[in-house]
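What follows is one chain in structure tokens, specifically the form predicted alone.
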Amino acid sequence: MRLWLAAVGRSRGGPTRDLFDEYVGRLSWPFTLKEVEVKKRLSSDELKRQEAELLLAAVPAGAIVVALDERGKALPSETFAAKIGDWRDRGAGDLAFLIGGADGHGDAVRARADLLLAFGPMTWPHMLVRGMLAEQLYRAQQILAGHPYHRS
């Protein structure tokens, strides 16, 4: 199974990028990061629409899509791991995670998503969310492997 992250915005060096790189480097699943940007000044709705088009175009056709969204469902790590394991066991070739821009996701992303996932009710910096997601993917990998990294 291949993992994809399509995210609005360009990552610069620094602690949040280091965190992301640390956990992506630990993954045994192949991982691809696709960064997208709309450089025009647009209304919020038009910006979200265009970002949604770019995000969806950045992931393979037929991928399982998980959109990180404040209106999504917060899952315990074990449940998240089980969901990934289920997709893997059903033969999913690609699992794509989408992180929207400052105004959130456009309707097309929410409509296409197989899961809307939230990291709790708080708002997080989008670059930090990348690192948090990478850690949770690594944690899921270790849970599925029966490794003691995850202790509850």
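From 1 onward, residues are counted along the sequence shown. These figures come from a predicted structure and were not determined experimentally.
Another form exists, predicted together with a small molecule; not displayed. Remarks below refer to it.
Annotated contact segment (heavy atom within 4.5 Å of the small molecule in the predicted complex): 112-120, selected among 33-41, 112-120, 84-92, 57-65. Interface residue remark: Trp29 is not counted as part of the site for the small molecule in the predicted complex, having no heavy atom within 4.5 Å. Contact check for Val129: a heavy atom falls within 4.5 Å of the small molecule in the predicted complex. Ile99 belongs to the set of residues with a heavy atom inside 4.5 Å of the small molecule in the predicted complex. In the predicted complex, none of the heavy atoms of Glu53 sits within 4.5 Å of a heavy atom of the small molecule.
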